[in-house]
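Before any questions on binding or motion, here is one chain by itself as structure tokens, the form predicted alone.
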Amino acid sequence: MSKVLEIRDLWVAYEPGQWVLQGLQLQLKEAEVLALLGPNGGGKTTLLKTVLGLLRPQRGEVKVFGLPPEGARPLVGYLPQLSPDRGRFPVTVLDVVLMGRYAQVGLLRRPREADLQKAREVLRVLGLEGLQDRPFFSLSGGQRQRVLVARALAAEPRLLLLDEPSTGVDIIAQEDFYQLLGALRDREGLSVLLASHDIGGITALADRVACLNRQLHYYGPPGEALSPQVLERTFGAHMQFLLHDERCLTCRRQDG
């Protein structure tokens, strides 16, 4: 499989000497899901912004499909954290998905029939075709999450970046969402870089896991990421987790 993302000795700081990311070495291959696990403030969003080309590293190198991040943007879709219900603009589900076509259409131009067809196709693939005329903010959290994924997929990316996609979504919707990502990986060959502080269902979805808290504390198969030593280094000594599903890789309890 070809390399989608390659990160070598990455150092990023917002202020001189105040490193948010220190010496990261990562890679993501085609049709893989790489989960970034770590606490809030651990550098996950900073890493995603660096991969998008929104932040420039002080040291190291990031290549996306062999290109600098700025050159690879047309190949990358992005789902930011779900925001609270502020600024309820009167947009429909179809309107939101069509926003993903702006790069092809142009910001002030009307969408073409081909753009409408692509938006409807993505809605169908994600099981949302019956909602295209509904107001976006009338949907449940899980439905809105899928619509925002549809917006990202409407741009026809080869790499999808997701920042805390389970925020504000109930546990059933989270599990459905992870199954959807797995299907997109398997059916469409989509590569996914997913950031979260939730170690639940993500570990069952991911092909590899990177445990990140400014530094990389683990990078490899999901099961080995969940040792007490790795979790302590990543999340801190005083932590506790409890998962309910016996099929999940993380069904154990750890008290620090």
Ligand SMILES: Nc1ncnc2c1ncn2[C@@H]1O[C@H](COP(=O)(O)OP(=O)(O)OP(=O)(O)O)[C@@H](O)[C@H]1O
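Residue indices: 1-based, along the sequence shown. Being a predicted model, the structure only gives us computed values, none of them experimental.
What comes next is about the form predicted in complex with the named molecule, which is not displayed.
Sole residue of 217, 63, 197, 208 within 4.5 Å of the named molecule in the predicted bound form, by heavy atom: After the contact test, the surviving option is 197.
Report the residue, out of 222, 39, 53, 57, that has at least one non-hydrogen atom within 4.5 angstroms of the named molecule in the predicted bound form. Selected residue: 39.
Just one of 27-35, 45-53, 183-191, 64-72 has residues with a heavy atom within 4.5 Å of the named molecule in the predicted bound form, so point it out. It is the stretch 45-53.
Since only the chain is shown here, I'm wondering whether residue 11 would be in contact with the named molecule in the predicted bound form (any heavy atom pair within 4.5 Å). Answer no; every heavy atom of residue 11 is more than 4.5 Å from the named molecule in the predicted bound form.
Would residue 81 count as a contact of the named molecule in the predicted bound form, using a 4.5 angstroms cut-off between non-hydrogen atoms? It does: once the named molecule is placed as it appears in the predicted bound form, residue 81 has a heavy atom within 4.5 Å of it.
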